[in-house]
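In the form predicted alone, a lone chain appears below as structure tokens.
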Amino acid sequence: MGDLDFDVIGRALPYLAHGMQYTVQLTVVAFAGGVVFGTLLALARLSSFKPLALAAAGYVNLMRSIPLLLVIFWFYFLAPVLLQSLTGAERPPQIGAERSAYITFILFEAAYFCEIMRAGIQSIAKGQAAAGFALGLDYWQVMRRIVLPQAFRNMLPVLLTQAIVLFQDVSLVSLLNVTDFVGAAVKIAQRDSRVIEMYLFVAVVYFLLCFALSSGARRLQLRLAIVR
């Protein structure tokens, strides 16, 4: 332990900051895309049209039953091969690791956000939707103006908790040689032979950020509970 050199962290801060920027960017994009796609999946699961409801349920159950890492590898390695067979191209199209990460995380997180939003929609009293229909609103107007705003408010603490989990899961993209925060730390650790220092720094940063975000989510949950 006497050979530890934490000065390597200071020298590597610009590169680590670049990696953290990508981590935050991927988290925000996956969160926004997952919420939008997950809300559509939730509406599909609650639809009275059985084929649509069954298709949405099958997608959600599939994504929630397999590891995220496997989904990342599937899309990164198999999607180009499938696109080649469908288009008849001579070579598989180059999707790229970063683009694969964005698409994979949106598709995967949508399954979890779907169940959160479905619970939020079902928590709204059916009489409110009935009142909207009585006023002459159609289905989409009732959902957009009455049900979904209240569902988002009820599920906001849970959505934020899932966002924290997503922030931690983004570190898996380092296995595709993408320079996120963990990927940047791994490259520096291997280059400078300072594995202990870099991994300790990464653990401390993740702990501080996730603890702060979790505390904020708990305070928000208490505040919404008091208002309600």
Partner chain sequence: MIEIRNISKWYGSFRVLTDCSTSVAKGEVVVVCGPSGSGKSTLIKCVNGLETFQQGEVVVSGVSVGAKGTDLPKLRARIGMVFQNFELFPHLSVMENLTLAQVRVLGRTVEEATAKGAALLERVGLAAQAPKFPGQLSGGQQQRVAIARALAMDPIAMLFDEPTSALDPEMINEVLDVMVDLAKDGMTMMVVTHEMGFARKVAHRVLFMDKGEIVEDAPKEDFFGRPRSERAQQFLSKILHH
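Positions refer to the first chain, counted from 1. Computed from a predicted structure; not experimentally measured.
Another form, the form predicted in complex with its partner chain, is not on view; read the next lines as being about it.
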Inset, instruction - Identify which of 71, 103, 146, 79 has a heavy atom within 4.5 Å of its partner chain in the predicted bound form; exactly one of them does. - result: 146
Inset, instruction - Select from the listed residues 156, 137, 95, 107 the one whose heavy atoms reach within 4.5 Å of its partner chain in the predicted bound form. - result: 137
Inset, instruction - Tell me, yes or no, whether residue 85 is in contact with its partner chain in the predicted bound form, where a contact means a heavy atom of each within 4.5 Å. - result: no
Inset, instruction - Mark residue 141 yes when one of its heavy atoms lies within 4.5 Å of a heavy atom of its partner chain in the predicted bound form, and no otherwise. - result: yes
Inset, instruction - Classify residue 130 as contacting or not contacting its partner chain in the predicted bound form by the rule of any non-hydrogen atom within 4.5 angstroms, answering yes or no. - result: yes
Legend entry - Listed range touching its partner chain, judged in the predicted bound form by heavy atoms within 4.5 Å, from 87-95, 107-115, 71-79, 120-128: 120-128
